[in-house]
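As a starting point, one isolated chain is supplied in structure tokens, in the form predicted on its own.
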Amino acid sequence: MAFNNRQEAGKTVVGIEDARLDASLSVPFRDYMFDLIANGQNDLVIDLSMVDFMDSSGLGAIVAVFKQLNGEGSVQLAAPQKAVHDLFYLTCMDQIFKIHGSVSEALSS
């Protein structure tokens, strides 16, 4: 599987083990995240450190996760590479999501 998760500092850290979060992975990623939420894990940190490309479907999957929480938790993003960070900036999604330089920063926030 291209995803993993662990509990740390009271949060669920979700790692994406693929260089691309695009149409081929967006639905499996969204479903994986929805399963975590259904199991009560709603304080989420998405580790984007390995992702060097994300398209609109990947962005849409992360937005869907945010909406699925319905205000009952949080989604924070950690360690995005420049191209991924630029996507969040260009779409103004950096105003919706808290973006941290590292997972440890996200955990301590």
Partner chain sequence: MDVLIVEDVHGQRRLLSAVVRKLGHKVHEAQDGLEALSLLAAEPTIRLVISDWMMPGLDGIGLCEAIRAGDFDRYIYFILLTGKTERSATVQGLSVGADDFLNKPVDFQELEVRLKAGCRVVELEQTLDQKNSELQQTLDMLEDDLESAALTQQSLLAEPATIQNIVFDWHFKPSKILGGDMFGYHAIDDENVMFYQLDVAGHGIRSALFSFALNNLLKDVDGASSIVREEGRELSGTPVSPEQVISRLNKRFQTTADSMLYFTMSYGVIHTPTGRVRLCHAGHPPILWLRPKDDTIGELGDAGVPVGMVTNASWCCQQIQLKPGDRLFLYSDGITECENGQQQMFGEQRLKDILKDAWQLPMTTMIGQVWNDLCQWRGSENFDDDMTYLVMEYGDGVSGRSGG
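What you are looking at is a predicted structure, and each value in this text was computed from that prediction instead of being measured. Positions refer to the first chain, counted from 1.
Missing here is the form predicted together with its partner chain; even so, the following discussion is about that form.
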Is it true that 3, 13 and 49 each have at least one non-hydrogen atom within 4.5 Å of its partner chain in the predicted bound form?
no
Identify which of 61, 44, 33, 78 has a heavy atom within 4.5 Å of its partner chain in the predicted bound form; exactly one of them does.
61
Contact between residue 57 and its partner chain in the predicted bound form at 4.5 Å, heavy atoms?
yes
Heavy atoms within 4.5 Å of its partner chain in the predicted bound form: does residue 93 have any?
yes
At the 4.5 Å heavy atom threshold, is residue 68 in contact with its partner chain in the predicted bound form?
yes
4.5 Å heavy atom contact, residue 74 and its partner chain in the predicted bound form
no
